[in-house]
Ligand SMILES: Cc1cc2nc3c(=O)[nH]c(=O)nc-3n(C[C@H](O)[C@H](O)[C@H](O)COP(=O)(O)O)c2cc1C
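Just the one chain here, the form predicted alone, laid out as structure tokens.
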Amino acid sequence: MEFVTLREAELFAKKKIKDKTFQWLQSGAEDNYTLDKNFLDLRKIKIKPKHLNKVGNLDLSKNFFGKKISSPVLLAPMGHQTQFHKNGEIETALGVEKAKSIAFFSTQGRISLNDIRKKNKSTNLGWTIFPFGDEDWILKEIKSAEKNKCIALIICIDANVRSWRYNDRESRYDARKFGRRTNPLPPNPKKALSYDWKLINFIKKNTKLPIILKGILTKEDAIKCIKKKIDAVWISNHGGRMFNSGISGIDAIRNFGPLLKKSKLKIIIDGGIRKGSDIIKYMCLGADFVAVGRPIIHGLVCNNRKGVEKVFEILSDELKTSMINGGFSSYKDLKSNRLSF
């Protein structure tokens, strides 16, 4: 059976793969407190509907650094995808292309950027660098992203070491041992521990690609992004997988979202998005784009590239339905005064 909701996709995926593999995918840092808080804080927010508001024909398309995409929904970078499908990121990218969105992959992925691009000639790709090597290695990754016509470069700054995730540790499952690899392992993960914000200066000097910093959760780091003239800030707690901070995406964007909007930086956010109304909440708080991770893997497990495309399709349809029934005539209507806390 083909899934018809994201909830059903998750249930079907759980039945289709080994329990240990599924636990690895679903787990958050330590006892899942931050992971759970992503969902809890989204649920707490209420949306105020306005009726007879001339909703008309909604256009969900957005412009992402010069590329028109079908909706504000993006693919978040995720590692170890070949444990879910033999072609991993290649298959995922094919689904994202059909959905007319952006596919972000990373130096922590299993399939190399060159191999992804060879099989996805026209997919909108973004490349994520985990700073697990010296500046020469980072420079090579930047040049590879440019050669492979990536739309943007993401620097992931919130995942220095493998976290303690009780669920997958207790299952004795190590994802690194499963699935094929064509992407070389980064040369020196410990190097990430020695970098500071000067790293951003180096990257800015060596590329003209838009630079996005991923993993921002505090106003202090947001201010540094503004000072460094970053092109976009990606508010993220890594799906609750890396640091059990207790800071949710909602906490973060409510804290410093207005500051970023004033500076005109683009805002991407992830964390707990499972419904069209979730997207409305984040965008009312200032997000320009939202990113999804686990639901895409659920779709991949269920039905390969078609499952990936279906996840985007469902979220777009739900977003449009929710906007119409909530009385939002355009993205300009998505303002914080339409929310109740």
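Note that the structure is predicted; figures quoted are calculated from it, not measured. When you see a residue number, it is the position in the sequence shown, counting from 1.
What comes next is about the form predicted in complex with the named molecule, which does not appear here.
Should Asp168 be counted as a contact of the named molecule in the predicted bound form, where contact means heavy atoms within 4.5 Å?
-> No - in the predicted bound form, heavy atoms of Asp168 and the named molecule never come within 4.5 Å of each other.
Decide whether Pro77 counts as a contact residue for the named molecule in the predicted bound form under a heavy atom distance cut-off of 4.5 Å.
-> The answer is yes: Pro77 has a heavy atom within 4.5 Å of the named molecule.
4.5 angstroms heavy atom contact with the named molecule in the predicted bound form for Cys156 = Residue-level check for Cys156: yes, a contact with the named molecule.
With the cut-off set at 4.5 Å between non-hydrogen atoms, does Pro295 touch the named molecule in the predicted bound form?
-> Taking the distances in the predicted bound form, the answer for Pro295 is yes, it comes within 4.5 Å of the named molecule.
Please pick, from Asn124, Asn244, Asn87, Gln108, the one residue with any non-hydrogen atom lying within 4.5 angstroms of the named molecule in the predicted bound form.
-> When the named molecule is considered in the predicted bound form, the option within 4.5 Å is Gln108.
Among the candidates Glu141, Asp270, Glu97, Glu91, the residue which, in the predicted bound form, approaches the named molecule to within 4.5 Å (heavy atoms) = For this set of options, the contacting one is Asp270.
Three residues, Pro72, Lys281 and Phe312; all within 4.5 Å of the named molecule in the predicted bound form via heavy atoms?
-> No, the candidate spot makes no contact with the named molecule.
Taking the partner as it appears in the predicted bound form, which of 100-108, 199-207, 246-254, 133-141 has residues with heavy atoms within 4.5 Å of the named molecule?
-> Every other range fails; the passing one is 100-108.
What residues in 232-251 sit within 4.5 Å of the named molecule in the predicted bound form, counting heavy atoms only?
-> Contacting residues: Ser236, His238, Gly239, Arg241.
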